[in-house]
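Quick setup: one chain, the form predicted on its own, written in structure tokens, and binding and motion questions come after.
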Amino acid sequence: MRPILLQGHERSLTQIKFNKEGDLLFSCSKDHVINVWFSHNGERLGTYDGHNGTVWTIDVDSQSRFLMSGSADNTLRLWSVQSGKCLYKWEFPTAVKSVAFNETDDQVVCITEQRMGFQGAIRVFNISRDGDGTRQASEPAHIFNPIGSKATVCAFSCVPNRVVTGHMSGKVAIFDYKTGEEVDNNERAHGDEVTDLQMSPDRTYFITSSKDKAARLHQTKDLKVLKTYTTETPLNSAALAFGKPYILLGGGQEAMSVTTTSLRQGKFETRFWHKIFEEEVGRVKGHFGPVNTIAVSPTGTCYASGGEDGFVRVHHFDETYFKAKPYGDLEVLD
């Protein structure tokens, strides 16, 4: 499995995302730049320039028409994927830490952080898909302030009018964004900050990773923990493999304590775990620093990881990955 090394960022990666077809890979980092690449050969297609702060979060719609980005320059921006133009900009009092489209691409949820006397807020915007996309509502359709631990990651649930959030304290919660009411929560989902939250394709379950060195699979409707994957290093990202029962986990110790240890001890590999049996099945080395973000292509043929070292590595799975029998001799009926 030879990686394709994507060198387009000068600072550490914050998030990477594939589009729905899996042919494009979007990456953002602390160097204010958003890049888009062809996933099959690692060629850079273009950049989205305009932010003047760390770009914390990106998401692309299912038609690969619009790209949303949230940044430490306190703005949320809507881009045209095709032209690279910024179509609309929303400004807030604090940085945007997480952004996500809904299934029908007509709404987006974002988290702004709690800082400088401003409360952390979760906003839901209606996205107009008419015309060229430059005419958007400047005010959010819904806004609420979650009480208690601040939210770090969010996504739309499979249930209408609901968003799932992960928090600093390790809590995972479901909010009704129309009323701002916390519908359900699991205070002890994790023992430390939730660093990533990725939904399954049908949004009925999702995976979270945390600084408490574990990743967990949760049921969306009642937040029941289905599976737990415990590692020996703080995790920054967790992704679900498509078409195979695997979980990909990435992490490594904090960036500041990295120089004191060797590569192997820093534990900068991407780990593959069996989704059902909760066993580690393999590791892929490569990054010279913690893995900050992992994404698996919706086609199930490749995955990408972005590290503290500023590189994105795209791995196309070998033939053996598809021939492997994750359940032994059991045949899985689709």
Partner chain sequence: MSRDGNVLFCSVARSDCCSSLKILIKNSATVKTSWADDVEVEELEPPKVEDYVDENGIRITIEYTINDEGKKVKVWSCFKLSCVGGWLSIVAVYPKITRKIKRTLQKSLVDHAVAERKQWSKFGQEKENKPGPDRATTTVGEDVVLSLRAGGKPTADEEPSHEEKLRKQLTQTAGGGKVVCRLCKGSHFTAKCPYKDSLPILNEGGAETPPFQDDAPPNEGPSTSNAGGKYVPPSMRGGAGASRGPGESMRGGRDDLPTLRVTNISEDTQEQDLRDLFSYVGRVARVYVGRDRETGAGRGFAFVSFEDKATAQRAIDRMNGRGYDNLILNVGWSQPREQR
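Numbering follows the first chain given and starts at 1. Quick caveat, the model's predicted, so the values are computed rather than measured.
Although not depicted, the form predicted in complex with its partner chain is the subject of the following passage.
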- Message: Considering non-hydrogen atoms and a 4.5 Å limit, does its partner chain approach residue 15 in the predicted complex?
- Response: no
- 4.5 angstroms heavy atom contact with its partner chain in the predicted complex for residue 42: yes
- Item | Proximity of residue 246 to its partner chain in the predicted complex, heavy atoms at 4.5 Å | yes
- Task: Answer for residue 298 alone: is it within 4.5 Å of its partner chain in the predicted complex, judged on heavy atom distances?
- Result: no
- Task: For the three residues 30, 167 and 187, verify that every one has a non-hydrogen atom within 4.5 Å of its partner chain in the predicted complex; reply yes or no.
- Result: no
- Query: Going by heavy atoms within 4.5 Å, which of 80 to 88, 204 to 212, 190 to 198, 140 to 148 lines up against its partner chain in the predicted complex?
  - Reply: 80 to 88
- Sequence-ordered list of residues in 28 to 67 near its partner chain in the predicted complex, where near means a heavy atom within 4.5 Å: 33, 36, 37, 38, 40, 41, 42, 43, 44, 45, 46, 47, 48, 49, 63, 64
